[in-house]
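Just the one chain here, the form predicted on its own, laid out as structure tokens.
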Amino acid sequence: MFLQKKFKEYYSRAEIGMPRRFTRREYGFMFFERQMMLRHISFSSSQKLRNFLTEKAPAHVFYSSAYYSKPYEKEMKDKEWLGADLIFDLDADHLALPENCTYERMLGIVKNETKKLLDDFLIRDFGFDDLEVVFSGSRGYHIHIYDREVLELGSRERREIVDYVTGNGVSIELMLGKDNYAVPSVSEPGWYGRIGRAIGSYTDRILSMDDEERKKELKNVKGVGDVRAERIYEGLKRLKKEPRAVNALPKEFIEHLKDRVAIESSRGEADEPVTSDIHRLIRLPTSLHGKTGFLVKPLTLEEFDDFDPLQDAVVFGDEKVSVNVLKPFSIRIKDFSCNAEEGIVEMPEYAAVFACARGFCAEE
């Protein structure tokens, strides 16, 4: 099988990054020839894991966020849980994407949301400093947090962290004031400052528009017509100078500021079941993703800023390979792009691996 052969070649030469305290982790695998997961596996040495990967060439490789005394036990209660890393999973499946969004654009949107989660919440608000970003190999990113303070948190505490990030339960009335509204200072910590920055940024954007563009934008708000749009414009100019001028804005627009601007534009994205699960299996960094052939790539914060998955997560060569296109598709990876129709097509090996993994092609 073409994909399994290529994966075997990769694992035979790759330097596999070992997780911290790797002998305390549970490992799981899925293979090309069957759908069931093989799990409850542990390895006493890095060489044994490397040998397994080279011999079996699995399509997907996972390891537990948790540490166990006996990771090889089949029942969770027998593994003897010792703690777990805090994991965040940002995947395109959980984001509101534009219609007909391309794979390339989708990756950019997910990266922006990941950066927001990192900078605004995990680093600025929580102060985590022992963390790692990992490209999932397909549609998103994982964030691994190793700070000692999180290791023994239970599911409920981890769920509360997700609630904070997503704004679940945030009281906008408390932050803006129940009757006498005032926009919080942008220098305030936590959600207060976040709401102040969101409203300030929105105000700047509206004020920078020309008359026609501004009216069109404001009239998208329920209950706003030409007259109220002009009143809102004058109100936002006052708001720029005086935080309490929000009270001069129409009631309908205040509700818009509270719901659509202050909360929705400020909230972070996080997959709650992943973060709250203290036994979660997550993809092993430096393994390959069986649905793309891309590297599950670990990144420092500095590397993350300039990271381009379609360039930097590609591990296979550019030798030409002929494949049988089963259904038309478009692709852009590294310097190669094409709009392929059904039939035999020649393309670089890295593109052929991706296309076959996605089910667009089969080996000729």
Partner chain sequence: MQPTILAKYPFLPEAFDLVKDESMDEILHSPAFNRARELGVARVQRALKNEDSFLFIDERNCFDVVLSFFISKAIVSQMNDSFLLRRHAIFEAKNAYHYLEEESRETADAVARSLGIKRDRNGVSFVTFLKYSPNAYGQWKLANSRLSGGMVEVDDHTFLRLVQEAVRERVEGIKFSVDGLEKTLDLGPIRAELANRKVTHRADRVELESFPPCMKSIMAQIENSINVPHQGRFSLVAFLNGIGMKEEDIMKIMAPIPDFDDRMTRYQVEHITGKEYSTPSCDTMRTYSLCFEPDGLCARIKHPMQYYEYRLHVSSKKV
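Remember, it's a predicted structure, so these values are computed and weren't measured experimentally. In this text, rigid core is short for the largest set of C-alphas that superpose within 1.5 Å between two forms. Residue numbers count along the first chain shown, from 1.
Just so you know, the form predicted together with the partner chain exists too; it's not on screen, but the next bit is about it.
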Checklist entry - Though the partner chain is not shown, can you say which of N168, N247, T102, N112 has a heavy atom within 4.5 Å of it in the predicted complex? => result N168
Next on the checklist: Please identify the residue among E242, D163, E217, E252 with any heavy atom within 4.5 Å of the partner chain in the predicted complex.
Outcome noted: D163
Checklist entry - Should E132 be counted as a contact of the partner chain in the predicted complex, where contact means heavy atoms within 4.5 Å? => result no
Next on the checklist: in the predicted complex, does R159 come within 4.5 Å of the partner chain, counting heavy atoms only?
Outcome noted: yes
Next on the checklist: Although the partner isn't part of this model, could you tell me whether S265 comes within 4.5 Å of the partner chain in the predicted complex, counting any heavy atom of the residue?
Outcome noted: no
Next on the checklist: So, V227 and the partner chain: in the predicted complex, are they within 4.5 Å at any heavy atom pair?
Outcome noted: no
Checklist entry - Out of 278-286, 93-101, 207-215, 228-236, where are the residues with a heavy atom within 4.5 Å of the partner chain in the predicted complex? => result 278-286
Item to check | Contact at M18, T23 and F88 by the partner chain in the predicted complex, all three, heavy atom at most 4.5 Å | outcome: no
Item to check | Within 141-160, the residues that have a heavy atom no more than 4.5 Å from the partner chain in the predicted complex | outcome: E149, V150, L153, G154, S155, R156, E157, R159, E160
Checklist entry - For H289, is the C-alpha shift between the shown form and the other one 2 Å or more after core superposition? => result no
Next on the checklist: Given a core-based superposition, decide whether the C-alpha of R280 shifts by 2 Å or more between the shown form and the other one.
Outcome noted: no
Next on the checklist: Could you check, with the core superposed, whether the Cα atom of S185 shifts 2 Å or more between the shown form and the other one?
Outcome noted: yes
